[in-house]
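First, one chain by itself: the form predicted on its own, in C-alpha cells.
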C-alpha cells in the first residue's frame, strides 16, 4: 500500500523536542480535519499521510499494524500511535505549550475544553453518523434505517440548540482566544451543512465561530491540501 503524504510547516516551537517525529494519518473532511488544522496552526514539524477510506486502506494490514482500530485520525509520535480526536488534540495542545491552543492543568477552561470535546465526539458526531450511515445502527432494514435517520435529525437539532446556548456572547468556544475546540467545532459545522441532513436549525452563534476559523490562513491551507483528494464545500467562499 502507498500512502499519499506531504510535509507540513517546517518551523517548530521550542517546546517540541527537535528529534520528536510526528506522522499524521487522516482522511479529508473526516474528524481528522480538526487535528490537521491544529497541526498546521502549531508550526510543528509533521508528515501527513492520507488513508483512503473509500478503498478501505484503513483495513489493510500495513495500516492496522500502525493503528489496530483502523480509524482516523492517528498520530504516530516517535513510533507510538495515539488515536481518537480528543486525545490527539489534548496532546498537541500540551506539547505546543504556553496555553496557546489548550489551557494548562488547573485552568478551569481546560475542563471546559474537555467538556466541549466529549460532547462533540459522543453526541454531535454520533447523531450525524446516524444520519450519514444509518445502516451501521439499523442493518439492512429500510424501515429501521429511516427511523434511525429521522431520530438522528431530531437528536442533532437538540445538540445544535445546546451548542448555540454555549456559544452565546462568546468570541470563541473558551473565551477570547482560538483553541483546539474551535477547530473541532469547525469540522462539525461543515458536516451539518451536508445535503444528506434533511433539516438543521439555524445556528448563527456556531456559524460565527466556524466562519472565524475558516478565515485563518492555516485552515485555508489545510482545506486546500485536503481538497486534492475530496471535494470540501465551505459555505463562505
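All figures in this text were calculated on a predicted structure; none of them were measured in a lab. Numbering follows the first chain given and starts at 1.
Not on display, but discussed next: the form predicted in complex with a small molecule.
Between the small molecule and the residues 191, 46, 206, 178, the one pair within 4.5 Å by heavy atoms in the predicted bound form involves 191.
Of the residues 60, 197, 30, 66, just one reaches the small molecule in the predicted bound form with a heavy atom at 4.5 Å or closer; this is 30. Contact check for residue 130: no non-hydrogen atom falls within 4.5 Å of the small molecule in the predicted bound form.
Shown alone here, residue 149 lies farther than 4.5 Å from the small molecule in the predicted bound form, counting heavy atoms only. Heavy atoms of residue 71 reach within 4.5 Å of the small molecule in the predicted bound form, making it an interface residue.
In the predicted bound form, the small molecule sits within 4.5 Å of a heavy atom belonging to residue 121. Comment: 122-130 is the region of 108-116, 139-147, 122-130, 163-171 lying near the small molecule in the predicted bound form, near meaning a non-hydrogen atom within 4.5 Å.
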